[in-house]
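One chain follows as structure tokens, the form predicted alone.
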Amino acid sequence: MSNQKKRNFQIEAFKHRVVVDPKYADKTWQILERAIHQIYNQDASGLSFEELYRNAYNMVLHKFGEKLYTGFISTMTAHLKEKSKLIEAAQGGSFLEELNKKWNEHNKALEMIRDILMYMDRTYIETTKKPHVHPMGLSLWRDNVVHFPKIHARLLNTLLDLVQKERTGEVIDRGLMRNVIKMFTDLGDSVYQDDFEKPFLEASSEFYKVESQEFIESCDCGDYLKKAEKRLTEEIDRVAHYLDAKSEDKITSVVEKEMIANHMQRLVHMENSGLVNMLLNDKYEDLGRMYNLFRRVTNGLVTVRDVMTSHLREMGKQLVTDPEKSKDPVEFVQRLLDERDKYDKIISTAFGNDKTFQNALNSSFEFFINLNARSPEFISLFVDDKLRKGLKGIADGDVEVILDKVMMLFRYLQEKDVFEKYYKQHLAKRLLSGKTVSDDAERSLIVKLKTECGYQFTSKLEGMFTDMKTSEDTMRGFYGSHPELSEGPTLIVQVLTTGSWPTQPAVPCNLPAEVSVLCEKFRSYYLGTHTGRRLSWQTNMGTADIKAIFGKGQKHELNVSTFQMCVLMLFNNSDRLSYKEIEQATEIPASDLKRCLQSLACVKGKNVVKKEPMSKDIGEEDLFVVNDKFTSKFYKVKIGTVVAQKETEPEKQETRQRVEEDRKPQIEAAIVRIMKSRKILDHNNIIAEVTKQLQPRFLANPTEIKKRIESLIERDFLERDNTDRKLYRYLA
């Protein structure tokens, strides 16, 4: 096979020309034209589509494609002009129905004609780049029906009238509307947009402009927002039922602009019903509606947030600067917590836990809490109240919630070191008097403070708990080494490390002989077991339980302070004592002694001593006797010392002075740390960086920072630059 020669085959053309009947094209077109008429007249049942297709095929094959294409256009145009007259003649409500009917007929006819002319569509039209049959049929409908002068304006007005009727509550044929609107979209996006959407949006804008003005003049803010929300829902529903989906954003933007954006300021500030009224009256539903509507427009939430922040700051300012509301520290802090809970609920319920609103709430609280210089003290007093008695019977989970709320307020404080000072004083009193409700709660709060501010903040507080535990072990050792002391008075000593506890001046006091002997024995034992230590008695911080027998043999156990014990024990040897005698015997400072006697003689139900003459104040000429008629339904009677809960003005000044002194080394340490890493820095940058570094503890005063810089220059830690006096250099 491989050796056989390859043969080349060639097909030769016909030797004679094929002659086409000159009238072939006209005859064939007449057949096709007649068929198109029958299709439009809905009389196509007798047509052979196979034969019609072949005729169209042959016309294209014999180069009569142009004749076929122009003939199809002219025939269809003639039919559509007839249809447009019929549509125009339709009256009232039948106008849209007639249009829809003719549109459906045209679409059906167009599909049949496209099938017949399919070969022309694939070959001739592709080659000549003319519009295909179906798009051409749609264009012809657009030009001869939709854009027919007597139909065009009437169609648009009819559609807009129906939308208007629906907006005013009338029921319309939504199915018919959907079909007519779909006709626009089928004719192309530009037809839908130019012939319907743009005029529709303009008419809607005018409608809502007028309606919103009517509403805002006659409704309060809550009702207005309900109406706006309803309109927005209606428009979205309208799009879903018969408009193009792409129109949703456009029509909602119109409603948002006319009903919300243009009236934002008036709505939020509306008297007796605006945003502030909603906040004051906990109108969660209205607030949620306002949030959801305003978030749809530019700067809507910014407007709501700004008004809320302004209101919060004004309300908070009144709360913390009102002298009446600052009288009771516990109530003061509780009001702050209540306000915080209220706005937390508003933000979570109505504002979808929006972070920007949370931040605004935090910044507002930080602003007004620090307007009251006593806020750190009051928060510490609130904690003191809760940990003394306020948490009794409360579940552990609820205790944690209260402590977390306290920590939240603590975070707002700019002067956290002031809180630490007061907290240490209050904790010391709770631990020493054994009045803490729960050691777990105390430790839990210290852990939270440690997490928030670091180990340095709480190291001394933890040291206080360590001392209490060590003291228990010390007392067991003391009584173990002195078994003879099991009879007689019992002494319990808490040995406190000086650096961990609040510094207290040692107040002189002559203890009763029975107690003094015990104290000396303890001193000998303690100094014998610990070398290099020194003990000083803090009698002003102690308590005592003493047994007393009154007039008719009535026995009571009195829980008193060490000073009160010293006074009462004097009456074992005397029936009547003057103020001067008591002062001389006890050597208690006058201010402490007067408070002590006041609590023993002037408090109703606790007056175990009688004063002559009877009055609320203690005078230096007063006489005191045991109140033999004293009675109480309790065997154990606690007699407190008359003392102000809040600090007096001198005490406050003293605390402030101690805080300022404690800040100096911290500011210097921060300056040295910064300069050690930066080597050279100008004055303004040092101030900024020191302030930033110390912010977690307190807000450093620029004047104080400048003084500390001067002090460090004097001690050769820093030096000024020779050329630029505002520039500092670190000296290694």
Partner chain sequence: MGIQKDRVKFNVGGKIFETTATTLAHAGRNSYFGAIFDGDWNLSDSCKEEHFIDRNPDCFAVLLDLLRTGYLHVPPTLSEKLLFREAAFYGLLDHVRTATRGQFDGDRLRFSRSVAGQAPGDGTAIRGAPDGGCAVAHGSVVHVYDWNFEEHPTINFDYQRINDVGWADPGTLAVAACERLNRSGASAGGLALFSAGSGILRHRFQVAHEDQFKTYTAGALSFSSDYKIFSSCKGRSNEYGIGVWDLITGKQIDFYYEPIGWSLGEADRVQWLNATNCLMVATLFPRKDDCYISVLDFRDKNNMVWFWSDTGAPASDDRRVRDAVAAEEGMSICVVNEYEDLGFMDLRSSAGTVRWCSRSRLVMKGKLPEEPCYPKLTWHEGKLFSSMNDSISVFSGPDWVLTSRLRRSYGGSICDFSIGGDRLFALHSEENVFDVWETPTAAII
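Please read these numbers as outputs of a predicted model, since none were measured by experiment. Numbering follows the first chain given and starts at 1.
From this point on, the text means the form predicted together with the partner chain, which you will not see here.
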query	finding
272, 321, 631, 127 - the one with a heavy atom within 4.5 Å of the partner chain in the predicted bound form	127
The single option of 98, 306, 244, 115 touching the partner chain in the predicted bound form, heavy atom within 4.5 Å	115
Distance check, residue 50 to the partner chain in the predicted bound form, heavy atom within 4.5 Å	yes
Close approach of residue 248 to the partner chain in the predicted bound form, 4.5 Å, heavy atom	no
Exercise: residue 60 in contact with the partner chain in the predicted bound form, heavy atom 4.5 Å	no
Interface membership of residue 226, the partner chain in the predicted bound form, 4.5 Å heavy atom rule	no
Heavy atom distance at most 4.5 Å to the partner chain in the predicted bound form, all of 39, 111 and 119	yes
Stretch from 696 to 704, 24 to 32, 51 to 59, 679 to 687 whose residues place a heavy atom within 4.5 Å of the partner chain in the predicted bound form	51 to 59
